[in-house]
Structures are given as C-alpha cells and as structure tokens.
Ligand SMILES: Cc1ncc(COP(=O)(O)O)c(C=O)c1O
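First, one chain by itself in structure tokens, the form predicted on its own.
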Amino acid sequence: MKAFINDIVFDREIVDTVFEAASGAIEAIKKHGDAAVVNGAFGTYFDESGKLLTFNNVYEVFDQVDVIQKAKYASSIYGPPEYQAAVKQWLFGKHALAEEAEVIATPGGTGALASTVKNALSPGEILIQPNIGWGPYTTIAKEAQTPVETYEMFDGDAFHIDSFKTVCESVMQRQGKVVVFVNDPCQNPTGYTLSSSEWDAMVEILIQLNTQGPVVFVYDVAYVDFNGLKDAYKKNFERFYQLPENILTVIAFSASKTMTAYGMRVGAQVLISSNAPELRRFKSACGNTARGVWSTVNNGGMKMFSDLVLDAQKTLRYEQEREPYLALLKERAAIFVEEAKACGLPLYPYHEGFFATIRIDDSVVKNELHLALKTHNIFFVNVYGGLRVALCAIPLNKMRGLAKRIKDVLDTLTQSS
C-alpha cells in the first residue's frame, strides 16, 4: 500500500542535537533552578544575567520601521534594492566586489546554503564538507539528495590543507565538479579561524581545480561579525575578486546572527564570479528556488538591516554597543581554554567565536560523557568527534571551574571502563 510520503523521504526523521540538548537544559532549569544548570547547548548569545542578548540600537531601528513595511511582502524575490546594497556595503565596503557581486535575500544563512546545494548539484552528486562541522550541513545535503564526503578539519593544531586538497581532487576526478563548504571565521563547532597562509593555500587549490571543471566554493560566514579582527577580517573577501571564470564563490551571510535577531531569519546568498553569464544564470536559478520554497524574506528585518547599515551613525552606534560583548566572549573563552589546558581536558584548536569543542576520539566515551554530564546538569551538544560547548551562552560565574568539572566526570568514566 502506498504511504502519504514519497519513497525518497521515507522514514526520514529529524534528530536535531542542538534542540535536543537545549530542551534538556530548559527542563533541568525548571526542575533545579537556573543557578544549578550549565546551559552550554544554545548557539545564541546570552548576557551575564542569562538573558538572550538583544542590541538596543538594532531594535530601536526596527521599531522605527513603518508597520506597513513590516506587514508587506518584500518588493523583490532577491530582496529590496536597498537591502542588496546594504549587504554588499557591510561585507565589501568600497571594494569593487560591491559592484560586481550579486545578492539573493534568504531566510538566514541556512537558506543561502540550502539554495546553493540545490542549484549547484544534481541529485546523487557529492557535496564536500569538513568532518567536524555544523550538523545541518548534512541535513541540507539529504534534502537535496546529495551524498557527502568530508575532509579532515585538523592536522595537529592546524587546518588539514592536504586533506582538503585530496578530497576535492578525488571528487573532481569522479564527477567533474566540486562544491565544497568552508566555515570561517569562528568555525562552528570548534572556534577555529584560518590563517592568512592557510587561505592562500586553499585559494591556490581552488585555482588548480578549476582547470578540470567548475568549482563552487561555499563560504559560510555566519559568525563573521564576532571575530577578533572585526571589519578588518572582511578584507579576506578580496581573495575572490577576479578568480578564474570556472570558480563561483558563494558567501552565506546571516544578518540575523550579526544583529542577534535570530528569529527574524534574514540572510543573503552573495555570488561572486568573473564569469558574468554563468553568474546571472546561477542567480536566476536561486531566485526561482526562493520563489518556490520561501517566496520572500522578512521585509521588516531587511528594512531594519538596510536602515542601520546605510546610515553611518546608526552603524557606529551598533558597533559601539557590540564591542563590550566581543570582549566578554573573549573573556569567557580565555577562562575555559586556559582551565581546560591546566586540567588536561582536550580541546580542538580554538581561536575565537561562540563555540569550543571538547575532543573525544572514542565515540562510545563521547556518548557516555554526554549523558553523564546531564546528570550533573551540564548540557552540551554532541557533535562528530566531541562535545560542543556554547561559550556564548555560559556566564563567567558558571565558566570558572567548568573545565575541571568536565574533566573529573571524564576521568571517572575512563577509569571505570
């Protein structure tokens, strides 16, 4: 007998490790009180009082948006012209990329990633991603019916550039096209940021690959506005200006993360290529996806972002308000990383950002630790190769001594096994 669902999605269930861990933390807080619980599951920024961080300067601008603007559809599937201009100004400033890049408004960075995979790969073709990466990358691939192959994220304490090259070359040889995900800066879940020399090596690999077939480089910059270099990091985008015609760079930008307005679901798919005809074709395909999947993006959110970015004084006030929270995130991270080192709790290389990841190579031990920590009211996200710690969500008073508490539980597990 036929089922309601089709054969492709049959028995496909969503198991989201982030929401699972977050739900457990919320229930523990209800039962034991907030003071007794370490909620390191949420991937959103919480202030020192345990409240979701909201920037006053963002919501003052949003409150000034006319209610008709908030209620109406956006003027274009691609996003209003002023929103497209604001995204390009935010990412590229006055660089020539701001003139040449194409923008499609998307529901958060996730929409940009999903649309790119859908339009760059046919069902059955391979998507390349890091072995330690954001879990929904795999979900996006499943939705597009594209199998996944992974490159090793690390070689010791450095990015595994040889693995990146080997996997990309292997896929190119087999299917004549490469679509590859890289998340930088502040990589989720490890907090790694690529060095300038690592970027140079990666771009050189892309240039070599393009002689064999098209390369779609998907650059997830979800946390770009929480890196230590701030806007200076964005000069990195200039590497993708006037690359060979067989390379398409797709920047997946999350305006809602930048503004800590996660629920507004405002993002952008930013396309860069020196191949103008193919760039236009790809943009049209992505526009069609937008119309057929989500139609238009939150108009009030796009208007808020545009009004803030295109007004220098409003931008400055936002940056000034954000500054102490960049410092706070750095302070939280320093405590955790330094105490982890002192007590011997292994971490993947951490540089900056919302997350650090405890390294546990044995998956059985990892799963046991994940469960054991819950009994101590400590909640993290179970990821490939370890447990993700949301530094962005843990206040300083709970961060101090946390690494040692985790190490003690880990030692008890390993000694008893």
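All of these numbers come straight from a predicted model, not from anything done at the bench. A residue's number is simply how far along the shown sequence it sits, counting from 1.
What follows is about the form predicted together with the ligand, which we do not show.
K.L.:
Classify Gly191 as contacting or not contacting the ligand in the predicted complex by the rule of any non-hydrogen atom within 4.5 angstroms, answering yes or no.
P.N.:
Judged by the heavy-atom cut-off of 4.5 Å, Gly191 is well away from the ligand in the predicted complex.
K.L.:
Would Lys257 show up as a contact with the ligand in the predicted complex if we use heavy atoms at 4.5 Å?
P.N.:
Judged by the heavy-atom cut-off of 4.5 Å, Lys257 is in contact with the ligand in the predicted complex.
K.L.:
At 4.5 Å between heavy atoms, is Asn183 in contact with the ligand in the predicted complex?
P.N.:
Contact check for Asn183: yes, within 4.5 Å of the ligand in the predicted complex.
K.L.:
Can Gly108 be called a contact residue for the ligand in the predicted complex at 4.5 Å between heavy atoms?
P.N.:
It does: once the ligand is placed as it appears in the predicted complex, Gly108 has a heavy atom within 4.5 Å of it.
K.L.:
Under a 4.5 angstroms heavy atom criterion, identify the one residue in Lys118, Lys234, His160, Arg265 near the ligand in the predicted complex.
P.N.:
Only one listed residue qualifies here, and that residue is Arg265.
K.L.:
Pick from Tyr137, Phe240, Phe336, Tyr318: which has a non-hydrogen atom within 4.5 Å of the ligand in the predicted complex?
P.N.:
Of the listed residues, the single hit is Tyr137.
K.L.:
Counting only non-hydrogen atoms, choose the one of 196-204, 257-265, 144-152, 95-103 that falls within 4.5 Å of the ligand in the predicted complex.
P.N.:
Of the options, only 257-265 has residues within 4.5 Å of the partner.
K.L.:
For the spot marked by Val224, Tyr350 and Glu352, is every residue within 4.5 Å of the ligand in the predicted complex through some heavy atom?
P.N.:
Contact check failed for every one of Val224, Tyr350 and Glu352.
K.L.:
Scan 321-340 and note down the residues that get a heavy atom within 4.5 Å of the ligand in the predicted complex; none is a fine answer too.
P.N.:
None of them.
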